[in-house]
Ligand SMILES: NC(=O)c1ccc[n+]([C@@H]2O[C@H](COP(=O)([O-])OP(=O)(O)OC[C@H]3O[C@@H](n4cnc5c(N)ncnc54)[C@H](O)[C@@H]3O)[C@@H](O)[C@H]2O)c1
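The form predicted on its own is given below as one chain in structure tokens.
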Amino acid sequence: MREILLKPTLNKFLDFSSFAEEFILDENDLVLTNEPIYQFFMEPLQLPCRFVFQERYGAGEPSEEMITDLFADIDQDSYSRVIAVGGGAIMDIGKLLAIRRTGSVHAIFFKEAPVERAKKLVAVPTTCGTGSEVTNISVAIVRGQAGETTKLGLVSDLLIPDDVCLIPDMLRTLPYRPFFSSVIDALVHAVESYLSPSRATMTSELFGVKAIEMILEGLRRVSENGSEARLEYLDEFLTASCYAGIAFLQAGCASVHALSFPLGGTYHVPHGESNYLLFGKVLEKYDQIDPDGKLAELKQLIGRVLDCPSEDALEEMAVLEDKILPLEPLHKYGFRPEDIEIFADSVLENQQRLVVNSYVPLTRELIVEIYTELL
């Protein structure tokens, strides 16, 4: 079984200044980030790099149009290294800025143009959930042949960053809701990779289990001691997110991601939040269909961390998540009854790389059932 063993070099720093000094950031570096992050952590350092702010090209997750405009403004010969500092969107775009532009953005995502690495890539995550800093995937909202939008993942080992730099201090300015949406997103990554029936490896299980333990312990602390308790656990949350990324690099994500992609692509629900909306219901269906095997082991693991019987573990985890980040029905985000059939078809047509990793067969009937019950 194929495993990618920690291709990036992993680094950890106390602050951005220490990172900038160690990596000798200079005028040949293109720093992709968000303006508030730049103003708080970078502007005082007066670095000679070229800074590009994602929000100047559009809000939310990367889109085909956003990336195309970015490419038009940034000459690919004007920089030698990409420094991606931000959340999942920044990581996804940074990976694309590090490859050769062999075709249009559309052509690259629809595999009509090859992926070729051209630049060094350094990833500095500022959320504790994406895990994208260690993965071989870039996700964007793209247009199909009929003009419809959907989220697609471009997968290539050439997208894996050369260096990953973890700076827990950079989580301090992350607002409460995106902070915990990110944390739960990392938990989804760890759980889906752990349950993957075909691609799970020794590496994915090792890092996935550790990520689950660390995240649940962090959520438990916040639940007991209040939201400010997260500030004492920043290192652990960020490390756990990276561990979960390593796990799903090996084993892949599955049903939760597959079902959340049309929601994000159509209604622009943030990625971590859209995964959270589906997570509990998907696990509930898994438990109804096949409660034994690897799911039974997962329930034992969760029960051990949360100090509850394994048969109550999934429910206790859902209660803990809801206490920290109350769960909303899908219709609060614009989801309509007529979307159910359309989204089900979109999942089966566009997300097979995720569908194949489902713990139980992800049939159209099951997809419709999950969307309907969450409406």
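The first residue of the shown sequence is 1; numbering continues from there. Here the structure is a predicted model, which means the values were calculated and not measured.
We do not show the form predicted together with the named molecule, though everything after this point is about it.
is_contact(G87, the named molecule) in the predicted bound form, heavy atom dist at most 4.5 Å
Yes, G87 lies within 4.5 Å of the named molecule in the predicted bound form.
Any chance T130 has a heavy atom within 4.5 Å of the named molecule in the predicted bound form?
The answer is yes: T130 has a heavy atom within 4.5 Å of the named molecule.
Please tell me whether any heavy atom belonging to P175 falls inside 4.5 Å of a heavy atom of the named molecule, as the geometry stands in the predicted bound form.
Yes, P175 is a contact residue.
If we define contact as a non-hydrogen atom of the residue within 4.5 angstroms of the partner, is A258 a contact of the named molecule in the predicted bound form?
Outside the cut-off, so no.
Looking at L216, M170, L97, C242, which is the one with a non-hydrogen atom within 4.5 Å of the named molecule in the predicted bound form?
Contact with the named molecule in the predicted bound form is made by M170 alone.
Using heavy atoms only and a 4.5 Å cut-off, determine which of K281, K151, R230, K299 is in contact with the named molecule in the predicted bound form.
Only one listed residue qualifies here, and that residue is K151.
The named molecule isn't shown here, but in the predicted bound form, which of 100-108, 207-215, 301-309, 121-129 has heavy atoms within 4.5 Å of it?
Answer to the contact question: 121-129.
From first to last in sequence, which residues of 53-83 have any non-hydrogen atom within 4.5 angstroms of the named molecule in the predicted bound form?
Sequence-ordered list: E61, P62.
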